[in-house]
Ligand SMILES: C[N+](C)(C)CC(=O)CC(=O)[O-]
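A lone chain, given as structure tokens: the form predicted on its own.
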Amino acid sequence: MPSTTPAPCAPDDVRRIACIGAGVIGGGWAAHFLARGYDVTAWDPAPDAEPKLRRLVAAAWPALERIGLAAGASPDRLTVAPTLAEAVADADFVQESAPEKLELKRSLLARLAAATRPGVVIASSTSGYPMTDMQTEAAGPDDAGRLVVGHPFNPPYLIPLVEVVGGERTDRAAVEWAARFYDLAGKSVITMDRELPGFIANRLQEALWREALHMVAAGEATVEDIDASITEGPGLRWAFMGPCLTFALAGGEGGMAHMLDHFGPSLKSPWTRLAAPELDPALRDAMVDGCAAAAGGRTYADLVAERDQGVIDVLRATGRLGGPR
């Protein structure tokens, strides 16, 4: 779709970002943008949203300091607005991170488009809804045209990837603007040419997750076995080389062609079950109990700190740790 309303500023001129929704994802976005030197205004309807958000930013800040902060970056540049309208009044970009409920996303995105200055791009952190399904209540073409998906990974302040894609009513210029902005904001951007429920990475994660649930449900492996099979095996390769290139190396000098010719017949082997198993109480309890055992007495805060340091170490070791903008 051709652009009908120009953005009020270029991606490299963005100064203030509105983070709508201040939970784990929205708060993680706020921490990331603050660390990149932006002013951030947040809004969340929960009565205790502000103290929770400030605690999240404070907990993330040591990791962000180890990565390296942009000039002028400070948690003090965070403002929590009392209303949605005040949160977006001066925003150059809006990141929506409300709960994953379709009707809520539809109404909220319509409200944001009505309250935000004309042309300001509004991105949703949805984990899987196509923008076409979420932009149905936007009043006019100019409103719907600036709604895009900007799907991050948790925690957004450390995991580089963001998947960007528009809906049927989205201006292509808005998608390109968002992709350029995220790149300047220190993210690793995949700009998708077409919508796909769950996008790319979540569909791959979901396939692995469903097979893990099947193995636990059938008593074929424990939670600890499954996690170790990734962290001590292919996960070490996936941290710097994706599954396709990893498989290509399995073909030796013949590359992917030899790998497919040699291992192609195994695709018909019963190595995976992509249909989701029934998440009955027994399977749920097995997963919960298994994760508790794997935690080994470590608290949530302990695990978050360990994860954050681990991601930093992997990024640094593989030369992909971005510096301040």
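On a predicted model such as this, the values are computed, not experimentally measured, just so you know. Residue numbers here begin at 1 and follow the sequence given.
The discussion below concerns the form predicted in complex with this ligand, not included here.
The partner is absent here; in the predicted bound form, the one residue of Q205, S229, T191, T136 having a heavy atom within 4.5 Å of this ligand is Q205. Scanning T246, T132, T222, N154 against this ligand in the predicted bound form with a 4.5 Å heavy atom cut-off leaves one residue, N154. Although the partner is absent here, S127 lies within 4.5 Å of this ligand in the predicted bound form, judged by heavy atoms. Segments offered: 113-121, 139-147, 251-259, 205-213. Contacting this ligand in the predicted bound form at heavy atom distances within 4.5 Å is 205-213.
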